[in-house]
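Both blocks below hold the same protein chain, though in two forms, and each is given as structure tokens: structure 1 and structure 2.
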Structure 1
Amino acid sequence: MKRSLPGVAGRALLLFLVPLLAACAEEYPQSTINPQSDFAAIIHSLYVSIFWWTMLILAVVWVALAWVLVKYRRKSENDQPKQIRGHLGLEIGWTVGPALIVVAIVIPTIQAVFATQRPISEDALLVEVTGHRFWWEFHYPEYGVTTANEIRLPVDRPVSLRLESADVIHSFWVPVLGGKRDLNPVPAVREGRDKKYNWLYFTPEVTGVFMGQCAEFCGESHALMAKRAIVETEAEFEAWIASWFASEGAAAPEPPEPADAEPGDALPEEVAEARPAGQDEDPRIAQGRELFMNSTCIACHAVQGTSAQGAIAPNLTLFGTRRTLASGIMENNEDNLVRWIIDPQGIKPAAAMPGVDYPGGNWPATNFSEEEVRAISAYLLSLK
């Protein structure tokens, strides 16, 4: 049974409209064609150049095909087209033409490689990026700050990312800021030789929050290894650095009483200021702080200004200011944090964090009650 013309036309129209409607969708948060740095702009320019060369080749092929179909169409049963062999002009054309197009693509590609592979500036902000299964660590040696999963960068300031892995191969990728770059385990080298790292150089040009992820399969939770790049003004970045050291973290230890003090005497001003403001503190936060500091949590996590100085899990200083938790896969709020502490491996398979009822990362189960988990969550969310 032959299909009717309207039916065929309708299907053809549908095939045309589907990609057209897809192109009209909302902006994709990890678009590679929305550059927000000089590195990304170079890659985008190269992409656009190659795209138009491709469209030119496509147009030439379509025109040639249409011309051949019309000129050499069969007019009768006995009609035979003229047979030609080894046409010199055609041989030269389809050899020289593609070669010239390849040269036109290769030259800007090589220029882009050199432009993106060398340091931008000697005064660039250095950030040491370490990939873990399955989270990101960002260390700012200039300031002595180490944070996790959200990398903060000042706008219009050159950035140098030194990339390495603590376990398997990962790949750093924030599409709007630049191309993918692998993070490899750093092999041991002979004494006196420099270790080999991968580097990524770029200058953020627009403020905003930009999504990224690991782009190299690294295990069960590879797809859940996200991150955020927060590009802000220089003043906002410096304020964040300052707040890092101004954060009180856990309660400071009780200062000693002066030797000559009498009961009821007022404490000296500098000693009084050292006392934590425990009177006005939410009891849940105080309880959560005590639980956190007296558990195995501090063997892995660090909180600036406290006895928690672990270095094998995300640094939790200013945790309450982070937008997401569990390496960017959930909004940072109390309910999600409670879920994460109770059952981290249920949310992120193969996570090296113990849950309430099961061990993890060579550590036993925490055995916290739900009330205790909520108290710990309140404390962590208070770290601002």
Structure 2
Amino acid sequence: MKRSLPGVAGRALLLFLVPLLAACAEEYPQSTINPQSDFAAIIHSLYVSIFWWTMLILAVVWVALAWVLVKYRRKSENDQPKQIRGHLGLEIGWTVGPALIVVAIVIPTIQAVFATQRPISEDALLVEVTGHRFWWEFHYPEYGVTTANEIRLPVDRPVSLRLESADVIHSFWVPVLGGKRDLNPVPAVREGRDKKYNWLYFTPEVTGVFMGQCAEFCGESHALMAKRAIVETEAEFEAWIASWFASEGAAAPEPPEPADAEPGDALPEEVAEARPAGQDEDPRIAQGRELFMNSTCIACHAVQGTSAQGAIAPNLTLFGTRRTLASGIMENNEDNLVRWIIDPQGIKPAAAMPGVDYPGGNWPATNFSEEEVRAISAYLLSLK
């Protein structure tokens, strides 16, 4: 900062410059200028080059304007300025000059457009992303694993996200990993034709937990449709996959072939009945499991290796390992979970999950007491 600047103005300017310099810091977990993937890096370098071109143009316009305003302010009522009507050379100059800058911007832009819209490699990790009001479903066909709201990715392995929406348009956006892409409800197609999905391709380059959220207005709780991307080492990722199948104990099957990897198909229901409870299990967990498995919860939710195989709400397998709750809007702990189960709409308006006073229809009614909700929470948090 120049000292000549008045204190207030100086500090105001600092306020704007410091964040730009410190943008790499973890202070801005959803920053668009802190690239941690190849995709984000391409965008960022393009942004930086365009930024300087625009600053150049801005400087020219502002300096010329300031010069004119100071130099040609009216000195006397009788000023008789020369009546100049135009100048062909100047007109050509300020048409061709900007046109050249445009070319300098368009060429790398189009290169980046093509570079970022093709699959990176054959063995990319495919994740099928489905947007729901107001949560995210992540399905890994390669492993037959389904999870929600926290996408796990191994570092340095290319990723292909196949994007689709189950209802309205959403947009997948984890800025640190790259730009956004809409999740469209894909129109039905005639037999034999391929549905047209949207895709995102990138390779995460740094491990960490990155924030993201829905970037296309999707209704009442659009603001509360966040997510996390957890980029971890290959070993951690493989361990997570393995524990997904082992989560409820001994009955873990081998991962099915990708081809028949539909959620719910993974396991015959009898397995759940056969499962023994853990040795020194908290009695609340057993109570919670009992309540959960015998209520409406399982109409929509699935837990791997149990009779809960609902496929229209977030898959709760390994729920206890999730960092956040209700699509990334609050910390995953027992108190928050209890609040959420009792009154989801109080936290997230228009959320689809019914609260505890849900009458149930053909399913057993919930009507849980708070004690019972605490037991269910304990059970869900024990799913690790």
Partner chain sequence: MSSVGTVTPDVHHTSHEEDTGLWSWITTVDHKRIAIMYFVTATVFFFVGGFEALLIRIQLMNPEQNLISPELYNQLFTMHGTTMIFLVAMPMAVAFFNYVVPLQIGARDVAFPRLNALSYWIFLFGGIYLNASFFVGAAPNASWVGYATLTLPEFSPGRNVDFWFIGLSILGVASIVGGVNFITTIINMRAPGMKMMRMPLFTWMTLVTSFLLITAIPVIGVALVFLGFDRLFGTVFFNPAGGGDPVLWQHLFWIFGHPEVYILILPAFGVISDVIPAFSKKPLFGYPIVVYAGILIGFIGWGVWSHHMFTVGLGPIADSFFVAATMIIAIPTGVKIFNWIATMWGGSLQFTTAMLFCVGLVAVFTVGGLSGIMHASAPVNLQQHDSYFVVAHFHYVIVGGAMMGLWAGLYYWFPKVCGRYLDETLGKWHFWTTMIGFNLTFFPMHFSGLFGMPRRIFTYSADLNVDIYNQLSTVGAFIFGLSAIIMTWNLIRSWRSGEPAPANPWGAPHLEWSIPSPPHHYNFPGIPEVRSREPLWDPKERADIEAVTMAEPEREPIMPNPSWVPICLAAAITLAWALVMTGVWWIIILGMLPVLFFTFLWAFEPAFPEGH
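Under this definition, the rigid core comprises the largest set of C-alpha atoms superposing within 1.5 Å between the forms. Residues are numbered by position in structure 1's sequence, first residue being 1. Everything numeric here is computed off the predicted structure, so don't read it as measured data.
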>> If I had to pick the form predicted in complex with the partner chain out of these two, would it be 1 or 2?
In response: 2
> Superposing on the rigid core, is the CA of residue 217 displaced by 2 Å or more between the two structures?
Replying inline: no
> Does residue 193 count as moved between the two structures, where moved means a C-alpha shift of 2 angstroms or more after fitting the rigid core?
Replying inline: no
>> For a quick test of reading the superposition: does residue 67 move by 2 Å or more at the CA between the two structures, rigid core aligned?
In response: yes
